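A lone chain, given as structure tokens: the form predicted alone.
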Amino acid sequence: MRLRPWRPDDADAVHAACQDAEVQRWTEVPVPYLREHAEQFVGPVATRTWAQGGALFAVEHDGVLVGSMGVHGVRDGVAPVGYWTVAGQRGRGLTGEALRVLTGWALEQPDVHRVELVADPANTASCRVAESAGLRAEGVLRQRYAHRGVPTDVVLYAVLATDPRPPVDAR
């Protein structure tokens, strides 16, 4: 498993992955998800994310796209993260492993002391991923986000630079 920068030739795989109803249900990807959205994501969006102090990675396992991991800017030492996983790659522990790698990398940055993730409480798979990666649930923020225009509760997960980290899977 590795995290790498997005490339223009990833657009087809991103387009296919973002057709999945679960990716569309739990993330902010546009619906319908068009090829031009994928091209923007792997090109200008990824470049802009890095330029604005964040990071956007493709997650690969054995040369196959597993998903996306990102740090969406850093403010006051806090790095918010997010991810999605390709439908056929779920349930293998790869997203949790990738999130461990991402949080470890983020916490090594000199301006980061905390990594945060928010997940819908009904998205039990995402909640399990966060916990497997060593993030701790800190509570439910009621109607904190508007998801597709609807006020939505989220669970706030976080890990601090001073927290013990789970071991990285040696698969």
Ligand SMILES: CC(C)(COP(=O)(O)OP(=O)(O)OC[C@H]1O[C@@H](n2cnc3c(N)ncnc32)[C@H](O)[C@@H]1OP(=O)(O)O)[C@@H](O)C(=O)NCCC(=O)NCCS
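Predicted, not measured: the structure shown is a model, and the values here were computed from it. Numbering starts at 1 and follows the sequence shown.
Keep in mind that the form predicted in complex with this ligand is missing from the display, and what follows is about it.
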Close approach of Pro80 to this ligand in the predicted complex, 4.5 Å, heavy atom: no
Trp105, heavy atom within 4.5 angstroms of this ligand in the predicted complex: no
Leu141 within 4.5 Å of this ligand in the predicted complex, heavy atoms: no
4.5 Å heavy atom contact, Ala119 to this ligand in the predicted complex: yes
Partner-facing stretch of 22-30, 105-113, 52-60, 38-46, counted where any non-hydrogen atom is within 4.5 angstroms of this ligand in the predicted complex: 22-30
Val64, Ala137, Ala125, Leu34 - the one with a heavy atom within 4.5 Å of this ligand in the predicted complex: Ala125
In the predicted complex, residues of 88-109 near this ligand [heavy atom within 4.5 Å]: Gln89, Arg90, Gly91, Arg92, Gly93, Leu94, Thr95, Gly96
